[in-house]
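Only one chain comes next, encoded as C-alpha cells, the form predicted alone.
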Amino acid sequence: MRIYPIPEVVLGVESTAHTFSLGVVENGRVVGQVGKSYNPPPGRGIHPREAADHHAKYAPALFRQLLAEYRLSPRDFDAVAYSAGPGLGPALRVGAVFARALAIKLGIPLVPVHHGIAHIEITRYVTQFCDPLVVLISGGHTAVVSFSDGRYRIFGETLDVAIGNALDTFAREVGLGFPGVPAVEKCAERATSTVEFPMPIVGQDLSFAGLVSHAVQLARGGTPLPVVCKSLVETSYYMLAEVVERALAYTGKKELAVAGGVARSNRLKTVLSAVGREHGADVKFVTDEYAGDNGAMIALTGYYAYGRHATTPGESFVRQKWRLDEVEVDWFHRLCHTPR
C-alpha cells in the first residue's frame, strides 16, 4: 500500500448508527465537530434504513455548518476519514459515499477508520493516558481491551448485545423511551431495594441478553419498575466491574480509561472508580462531548492512521461486522511522546 505524507487537516465522517457527525483535526489537535442524531419513534429501535435516510438528508447542511462555524474551506482538507464499521449497513454506506465523493472532488486520500478504535483514541487524547486498560462501553460495544503486539487485544467482551443496547432495549420494552441508559438509571434512583438477578459471566466474557429478558418478565409480572431498573443497572455494571478487576489484576495496568457513550453514566463512574482505587489505578473517563458517536474521533484516528491506512479517493469499503483486534494500530507508541 502506498505510504502518504502526514496531513495537516483531516475531516472525519461518522455515520455508524443514529448519529451523523463531521469533525476536524488539525496537526493532531481536535478543532471541533457538528452533528445531528436520528431519534426513532416511541416504542421502536433504530431502523437502519430510516437512520440512513436521516443521514443523507442532513449531511450537506452539516458540512456547510462545519465550514461556517470553523471558518474552513473545502480546500483546507488534506484527507477525509470515515467510519467504515462496525455499524448499521445502510447508515455506514451513507457516510462512506459522502466521504468518497468529497475525496474525489478534492483529489485527497480517504482513510477508513474502525469506529471502536476511534472511541479508544479520542479517550486516550482527552485523558492523556499512554498505555491504559480500556473499557469500551456504548450502544454497540462492550469490551475490555489493552494494546499488545501491534493491536488492541480483547481481554473480555459481550457474547451477545452490548450493555448500551441491552439497556436501550429494556427501556423500549417498558416504555421508558430513548436513549435508554439515562432513562433506566433515572428510574432506578426511585428504588430503595433490589431483587436477585443472574450474573452471566463466561470466563472473561459477558452476556446481557438474558438480563433484559429477565428484567422484562419481572416488570410485566408486577415487580415495581424502579426496583427492576435498579437491579438491572447494578447487575450489569457489577458484571462489567468484575471483568475489569480481573483485567487490572492480570495486566498490572495503572491507568484505566473508560470510552464510549455509556461512560457518561454517573453510577458506572462510581463503580469503576472504586475498582481503580482497589487496584491502585488512575481512572479517567472520556468527556461527555466525545463520549457518544462523533466526527472528531473519526478525524483524530484518521490523522493517526493516515500514513499506511490511507487509500486513493475512489476506494472505500464498509464492514458491518469488524473486530477491533483485526486492525493494525501502528501509531500507538508514538502518541505517548506527542504533545497535544
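Position 1 is the first residue in the sequence shown; the rest follow in order. Model, not experiment: these values are computed from the prediction.
Omitted from view is the form predicted together with a small molecule, to which the following refers.
Residue in contact with the small molecule in the predicted bound form (any heavy atom within 4.5 Å), chosen from 85, 109, 140, 132: 140. Stretch 179-187 is the answer when you ask which of 179-187, 71-79, 207-215, 123-131 has residues with heavy atoms within 4.5 Å of the small molecule in the predicted bound form. The closest heavy atom approach of residue 260 to the small molecule in the predicted bound form falls within 4.5 Å. Although the partner is absent here, residue 264 sits close enough that one of its heavy atoms falls within 4.5 Å of the small molecule in the predicted bound form. Shown alone here, residue 291 lies within 4.5 Å of the small molecule in the predicted bound form, counting heavy atoms only.
Interface membership of residue 164, defined by any non-hydrogen atom within 4.5 Å of the small molecule in the predicted bound form, is confirmed.
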